[in-house]
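Only one chain comes next, encoded as structure tokens, the form predicted alone.
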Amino acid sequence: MIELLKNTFSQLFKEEPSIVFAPGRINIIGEHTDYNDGYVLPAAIDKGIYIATNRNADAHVNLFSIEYNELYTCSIAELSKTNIHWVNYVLGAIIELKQRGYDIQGFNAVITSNLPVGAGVSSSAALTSATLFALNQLFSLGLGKTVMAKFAQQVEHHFAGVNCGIMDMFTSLMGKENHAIQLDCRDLSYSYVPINLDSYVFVLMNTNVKHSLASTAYNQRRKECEAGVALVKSKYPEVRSLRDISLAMLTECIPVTSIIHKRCFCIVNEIARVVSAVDAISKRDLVSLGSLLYQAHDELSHLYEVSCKELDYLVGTVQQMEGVMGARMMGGGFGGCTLNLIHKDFVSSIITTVKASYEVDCKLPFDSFIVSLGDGAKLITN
């Protein structure tokens, strides 16, 4: 990929670029907890976005995507949202920096990726993080990774219309090889959690159901959580978010039959599951970890209602198979991938079996890949 980037850049712009990389991520557990001030347990993976850049003298932004075979050009002085999805994340990052007073001049960029788009591995966060990291290097802005993560989150809010938490961007920038990150989304304190899965590996199974986190369903869940907090806060004024609420407080303040109770019940449990998962990982207790994955999927599907029939099909299918320790939907939901903890000796046979049944029963293509845990955003070459 590096050689392809260099060659493409040279053909288009006749110069040598610098190259940066920002990864996608998996989230081991802790879904929809980030915007509720909870804990998450993500990890950067060994696949991501590569961007080659250099400055130009014509005060223009020239962007080329290898995957889309598409060139976009605009004046650095006249940036605005476009109808080209991938371009918006790059322009959004530039605008976010310029609005904060950072001097961004004209530049050229070539972008490529080995991340599946729409699979729940945060390709958009990786693109935004890679762009900010590249511009930080190119224009010597002196930004720290945590600051870049906050800026990247604002790009999602302002340019993609997704009122998301900070987990995806933080992980793309701050990841560490063979570690997960236990991140406190309230104050961004974090610790690295060494991951040793012994003979097991994480496998992503892609439903190939494309989801859009800008859909009303995602933002509606956030509103429902906020409504639950407001109800509890009326009796417990010290409460700031679902992070502060116990199950007993929920039951006391919100009717158990209501939609709001269902949503909040899931998230309060999910925040607790992150703590339990870290404990299980530290003890190398993969049986407990697998059980937590199944519990998370069940509640995200039936209480938070962010799954879909294809995700449920994949989890239900592997749950009956030898060699699978645990599985759950991963990401915002409504499609994308399942995360599966599988013994390496069974991976090939399980994938073959699941692919055959999924493509017949769900009438969609199936693909999968093993993920390794890698580093966050980094400079590949000057």
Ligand code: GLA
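Residue positions are given as counts along the sequence shown, with the first one as 1. Please read all numbers here as calculations on a predicted model, not as lab measurements.
Below, we refer to the form predicted together with this ligand, which is not included among the displayed structures.
In the predicted bound form, at least one heavy atom of Gly332 sits within 4.5 Å of this ligand. Using a 4.5 angstroms limit between non-hydrogen atoms, Tyr218 touches this ligand in the predicted bound form. Proximity of Tyr50 to this ligand in the predicted bound form falls outside the 4.5 Å heavy atom cutoff. This ligand is not drawn, but in the predicted bound form it has no heavy atom within 4.5 Å of Ala296. Though this ligand is absent from this view, in the predicted bound form it lies within 4.5 Å of a heavy atom of just one residue from Ala134, Ile181, Met167, Met148, which is Met167. Here is the short version: of Tyr313, Tyr35, Phe64, Phe346, the single residue with a heavy atom within 4.5 Å of this ligand in the predicted bound form is Tyr35.
For this ligand in the predicted bound form, the listed stretch (158-166, 227-235, 67-75, 139-147) containing residues with heavy atoms inside 4.5 Å is 158-166.
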